[in-house]
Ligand code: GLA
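Have a look below at one chain only, the form predicted alone, in structure tokens format.
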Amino acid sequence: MNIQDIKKVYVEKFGTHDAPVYTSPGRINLIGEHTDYNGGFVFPGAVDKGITAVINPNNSEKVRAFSIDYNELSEFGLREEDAPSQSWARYIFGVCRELTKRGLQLGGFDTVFAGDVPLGAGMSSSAALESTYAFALNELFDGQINKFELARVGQSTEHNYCGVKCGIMDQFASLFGKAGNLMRLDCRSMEYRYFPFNPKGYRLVLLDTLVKHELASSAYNRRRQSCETVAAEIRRLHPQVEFLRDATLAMLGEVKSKVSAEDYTRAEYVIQEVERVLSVCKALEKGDYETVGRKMYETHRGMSKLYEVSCEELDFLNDVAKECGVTGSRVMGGGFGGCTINLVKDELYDNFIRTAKEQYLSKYGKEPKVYDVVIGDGARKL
């Protein structure tokens, strides 16, 4: 849906012309999955799909929010006890509460929004929604909150109002994205660096399984708990280990008898993945996309066999990619469904897409959706 359509709905609902428009993107992550809450590195980029919202203060203490995608209106106040019942509205409410906790003098507002981030595809439509409202409200109500803190506003919204103990990557990517660049973020120090990403002769493409197995949030939170349990056990022997990011496989081996087999394999995956991100950075600086691709396949294997957040459909598409000679492929995002991200040579692209669609249709009775990745800019006023 284009901006004019969203503005038109806003005028129909609230009658105001010339209300400002803001947008924030979803994201891909080339490598570095489930490392963010372990203090490690991630390597995301913003995409050219996101959430776009028309927002205008209404001189009251009430928020009136209309979701075009859900065709639903939600009205709520700005106090803690005013939480709305609709799950999509809780994201906006959570952002309001978290901004207020950081000292923003927030008033009521009217808003209409829509998105073209594919839902359930692992591209972080929720972070795009949080970032749109955090960025917009900070500007509209003359806040002085910097972009890093706005990313934390989104993260705290997930933790405190949506029940997911996520890391900071999704919100960071949505706010700091830069067209033509991926970003390496150190999730502990919050230092980041842009890496130009224009792989000549290759394309990045997402294949959406169109399945979303139940996470998702409970399984996610359990894995986070596993990581914290192992890090605490290693810390007894090595006090300098704050997160799994600081641990080595040798340190993990020392506590093998002290932790459950499941917690051990979860930690093994994370320690290996932190290393993989750094290897990919070095490879990208040399234009070595074969190494990048090999590391992507290693990540998929780890997420499937050690971290156990893949699913049959994702593994199937990963196998098809291998058979078609695709340079790199892996599950992207939290897992349990969603997309594979694939680094494909130009000359193999058409055959890969055709084969993946045919084989997936034959096995699962539907074709995967295909999203070509264009790396775009972060949160902004349009």
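In case it trips you up, residue 1 is the first one in the sequence shown, and so on. All values derive from a computational prediction rather than experimental measurement.
One more form of this protein exists, namely the form predicted together with alpha-D-galactopyranose (GLA); it is left out here, but the text below deals with it.
The partner is absent here, but in the predicted complex a heavy atom of 166, alone among 136, 292, 96, 166, sits within 4.5 Å of alpha-D-galactopyranose (GLA). Using a 4.5 angstroms threshold between heavy atoms, residue 220 counts as touching alpha-D-galactopyranose (GLA) in the predicted complex. Taking non-hydrogen atoms only, residue 337 never approaches alpha-D-galactopyranose (GLA) to within 4.5 angstroms in the predicted complex.
Although the partner is absent here, residue 37 sits close enough that one of its heavy atoms falls within 4.5 Å of alpha-D-galactopyranose (GLA) in the predicted complex. Mapping the unseen interface onto this chain, residue 333 counts among the residues with a heavy atom inside 4.5 Å of alpha-D-galactopyranose (GLA) in the predicted complex. The stretch in contact with alpha-D-galactopyranose (GLA) in the predicted complex, judged by heavy atoms within 4.5 Å, is 166-174, chosen from 238-246, 200-208, 83-91, 166-174. Taking alpha-D-galactopyranose (GLA) as it sits in the predicted complex, the stretch 17-35 comes within 4.5 angstroms of it through a non-hydrogen atom at 27, 32, 33, 34.
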